[in-house]
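Presented below, as structure tokens, is a lone chain in the form predicted alone.
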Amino acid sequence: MRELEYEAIVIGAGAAGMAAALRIAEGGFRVALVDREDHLGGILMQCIHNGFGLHWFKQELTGPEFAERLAEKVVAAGIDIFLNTTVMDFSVSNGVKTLIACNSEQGVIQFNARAVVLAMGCRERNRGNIGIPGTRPAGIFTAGLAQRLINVDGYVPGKRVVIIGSGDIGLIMARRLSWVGAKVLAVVEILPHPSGITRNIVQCLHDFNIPLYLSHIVSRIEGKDRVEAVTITPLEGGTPEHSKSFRIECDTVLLSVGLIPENELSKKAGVTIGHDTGGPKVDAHLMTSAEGVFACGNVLHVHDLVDFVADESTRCGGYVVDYLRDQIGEEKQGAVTAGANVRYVVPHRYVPGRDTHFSLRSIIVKDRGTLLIKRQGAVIKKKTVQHVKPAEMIYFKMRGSDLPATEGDPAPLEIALE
């Protein structure tokens, strides 16, 4: 078995992994980028629509264009890249992080490093996750798989399509399917509001006259060999009203019912997973409960825009540089909790007197909301937020001057919306 030594290893070569690796390399440390796919860029390579890069590159790009620009920087930085390489095991012992990986050319490889960045992204929830009754015919796909079939492999998954869930991938696929000649008959959303960002609702549904059924569920899938129809049922008071159900004949069902951070490797390393995000719990330096193991991007929490993934991952790479320089000490950190109308806040801890970037998800829909940052019950800062909705992340920066150090252990910080 080949054994390799690095100061840092980044698992995952999507936008998060590349941005983190670049920052570590800029800090002067030897870093390896490991990915199971045969290309850099991750899921961006199948996202051929535009809308990427407005913040990061100050230019509207497609997914492959965004990935290409980052990849060019990675190659120019001399970062060691291991593609077609699957990490099978990950352990932490006596400060050394050990990864066991394999690829077809080199066989089994053992990577040893002082620091590891988790940047594996996320995966789609499937029919088994949501338990739709009915038969088990062909023609049921996750939206991401359908996107790959059309954009990468050149196959159209079906002609008459119903999409379950109004997440962004599903909305984008409604438009993409319409462009290739398929008929999208309906998008069905269990919530009373869309799960995707407003831009995609307008450009992908309204512009193509695709009906969106809010507060509805697909209560049954029919078909023997191939999907033949679905039954759609409205919710009244949160309960299915079967007397008002209706049937749509179709040959294909796409599932766009949420994303789950990909954390099988994280769990193998003993990393604590948060119930709120589905990703690792991290401190003010984006370090997980395993010392020297960091997390960023969609493996940490599911983002809405790739530009903010790259932002967060660059900061993460900076924290890794600090760690490798022994500049992350034993400073006291205070807990950060989600208050009223907030599903989660990342990171889960803060350092008094230091600037901190927060990301949070709302559980309410509001045209104009107020963000409240509280410490010991007192509001220390307020911020007006426009167009509050669960589909769109709220990002904000707290300056160290707003969080002065106090005697003893730092008081918990509560972040709420009203």
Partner chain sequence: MTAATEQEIICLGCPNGCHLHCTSKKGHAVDVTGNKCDRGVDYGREELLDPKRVVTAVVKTTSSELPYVPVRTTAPLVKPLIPELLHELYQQHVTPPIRSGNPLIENFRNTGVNVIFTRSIAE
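This one's a predicted model, so the numbers in the text were calculated from it and none came from an experiment. Numbering follows the first chain given and starts at 1.
Just so it is clear, the following notes concern the form predicted in complex with its partner chain, a form of the same protein that is not shown.
Stretch 383 to 391 is the contacting one of 24 to 32, 352 to 360, 369 to 377, 383 to 391, since its residues have non-hydrogen atoms within 4.5 Å of its partner chain in the predicted complex.
In the predicted complex, none of the heavy atoms of Thr337 sits within 4.5 Å of a heavy atom of its partner chain. Though the partner is left out of this view, Gly154 does reach within 4.5 Å of its partner chain in the predicted complex, counting heavy atoms only. Although the partner is absent here, Glu241 lies well away from its partner chain in the predicted complex, with no heavy atom inside 4.5 Å. Although the partner is absent from this view, Phe246 stays clear of its partner chain in the predicted complex, with no non-hydrogen atom inside 4.5 angstroms. Taken together, the three residues Ile81, Asp311 and Thr314 lack any non-hydrogen atom within 4.5 angstroms of its partner chain in the predicted complex. Proximity to its partner chain in the predicted complex, defined as a heavy atom within 4.5 Å, singles out one entry of Arg199, Lys332, His193, Arg325, which is Arg199. If you take 166 to 181 and check each residue for a heavy atom within 4.5 Å of its partner chain in the predicted complex, you get Arg176, Trp179, Val180, in sequence order.
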